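In structure tokens, one chain follows: the form predicted alone.
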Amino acid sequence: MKKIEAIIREEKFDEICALLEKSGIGGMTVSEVRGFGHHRNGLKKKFKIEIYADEFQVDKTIELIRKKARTGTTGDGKIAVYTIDQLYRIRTGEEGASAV
């Protein structure tokens, strides 16, 4: 299992969100965040998307986000991938991939 965390521009959010919903991912969590990069051009409003995914979904999901989020200018965002040791669905007690 992996956790994909993407920080994206505010103006790209709706387009990326719609694309991810159509892609068949199990679900995602979205937070409104603020931050700045190494250019220090002030705090900018961004969105953070968090997705739990099976190994076979990771490359496809990253590629979808990268293609839609890229403008070619400073501030396009970041994508991080974390390894998840265990994942549990609280309601049913399911574990691992079935908990997604």
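Given the structure is predicted, the values throughout are model-derived calculations rather than measurements. Residues carry their position along the shown sequence, with the first being 1.
The protein also exists as the form predicted together with a small molecule; that form is not presented, and the subsequent description refers to it.
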| property | result |
| --- | --- |
| is_contact(Ser31, the small molecule) in the predicted complex, heavy atom dist at most 4.5 Å | no |
| The small molecule contact in the predicted complex: Lys78, any heavy atom under 4.5 Å | yes |
| Interface membership of Lys60, the small molecule in the predicted complex, 4.5 Å heavy atom rule | no |
| 4.5 angstroms heavy atom contact with the small molecule in the predicted complex for Phe36 | yes |
